[in-house]
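The chain below stands alone and is given in structure tokens; this is the form predicted alone.
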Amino acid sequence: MAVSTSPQPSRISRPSPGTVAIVLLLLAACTLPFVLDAFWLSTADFILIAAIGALGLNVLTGYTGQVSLGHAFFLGIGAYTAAFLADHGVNAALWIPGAGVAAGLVGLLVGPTALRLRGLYLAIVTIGLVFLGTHLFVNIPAITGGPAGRATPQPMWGPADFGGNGLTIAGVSFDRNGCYYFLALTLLALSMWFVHNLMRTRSGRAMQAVRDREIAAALMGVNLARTKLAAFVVSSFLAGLCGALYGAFLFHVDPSQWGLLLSIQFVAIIIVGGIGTVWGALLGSVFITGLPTLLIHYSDSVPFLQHSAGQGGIAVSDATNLLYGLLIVVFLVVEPRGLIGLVARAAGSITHRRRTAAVAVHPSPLVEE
């Protein structure tokens, strides 16, 4: 009996809807610098830079369950390290990751002491880091410039001048805002890819086990101290990258920028965006980081909203702080999973309606009987 040996037709693998959505989102993000004016493009720069730092806090708080209010301290370490290295002739390809490494090493030193505590006690200790950092930033003028701060040199990569003429490729010009936009977008995409893959490894699963139940994680063989310390170092490293970009983009850094309010803003970002999610850092940053700019831009059109205090209305800074607190309370009470939870709920509702409509059009035989 003859056996057919003709080759079987190969199956064509189709990309998943999530992959298609990510590709489309990246393409849309790459077109923004060509459609936004300078004001909104600079706002987009701040959003992307803040999302890097928020992603780091999400690793520690969202994925590992360790509450931290000292994130601003590590941003400051990154900013001053970047400025110090750049002033001594180090190329931007080294001082940007070098800022993350410096912050990560500080996290490695501080972590064993801070992570002996849990819950409220850990939060109080990390608040102490902010005030300790402010004291150090003021009293080490050789590195930080003292109370007045110091200027931050701009990155230079070949023809790309982040502080001057920008970059021109094939007749297309990118100004300073455009250069920072693509730099921050690249670093954010790499950071999201890293964290996404980290959480699928044994170390990432250990972090999530510690978050869910420390005692159960220890009984399963998870080294609690090592797992917490690893999360602290990763969080500090990403905070250092964020601080380096933030300081360079502002041209100048001083101790007043790294206070407790900045740490609370990052906590608000991950709560609003979605605790324990990669995309929550970016979605939350859009709301929290873009909120002050939005209020300033439209303050003349909103009643009782003024640019500064003492003008017969609510100052934009005060209104921003009030909205931060309101958003934190609302999302913790209504949707603890943040905007990611709202998106998932809406997607589930749409899927349920489609299934209900399909059953109504084509009922199963058992339903007909």
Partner chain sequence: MTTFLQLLFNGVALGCVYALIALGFTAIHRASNVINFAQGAFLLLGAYLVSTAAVDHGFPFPLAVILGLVAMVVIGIVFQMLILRRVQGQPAFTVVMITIGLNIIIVALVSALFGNAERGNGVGDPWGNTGVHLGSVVLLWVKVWTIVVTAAILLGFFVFDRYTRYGLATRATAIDEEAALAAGIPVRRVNAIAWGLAGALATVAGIFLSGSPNVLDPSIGDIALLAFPAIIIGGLDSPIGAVVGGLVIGLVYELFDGYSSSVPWLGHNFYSIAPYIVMIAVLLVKPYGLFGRPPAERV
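Residue numbers count along the first chain shown, from 1. Please read all numbers here as calculations on a predicted model, not as lab measurements.
Not on display, but discussed next: the form predicted in complex with its partner chain.
Heavy atoms within 4.5 Å of its partner chain in the predicted complex are found in one stretch of 183-191, 109-117, 85-93, 236-244, which is 109-117. Contact between Ala142 and its partner chain in the predicted complex is not found at the 4.5 Å heavy atom cutoff.
Within this chain, Val343 is remote from the site of its partner chain in the predicted complex, having no heavy atom within 4.5 Å.
At a distance threshold of 4.5 angstroms between non-hydrogen atoms, Pro97 is out of contact with its partner chain in the predicted complex. Within 4.5 Å of any heavy atom of its partner chain in the predicted complex lies no heavy atom of Trp157. Comment: its partner chain is not present in this chain, but in the predicted complex one of Leu229, Leu105, Ile127, Val222 has a heavy atom within 4.5 Å of it, namely Ile127.
Between its partner chain and the residues Val101, Ala218, Ile264, Leu198, the one pair within 4.5 Å by heavy atoms in the predicted complex involves Ile264. Shown without its partner, the chain has Leu260, Ile264, Val267, Ala268, Ile271, Ile275 in segment 254-275 as residues with a non-hydrogen atom within 4.5 angstroms of its partner chain in the predicted complex.
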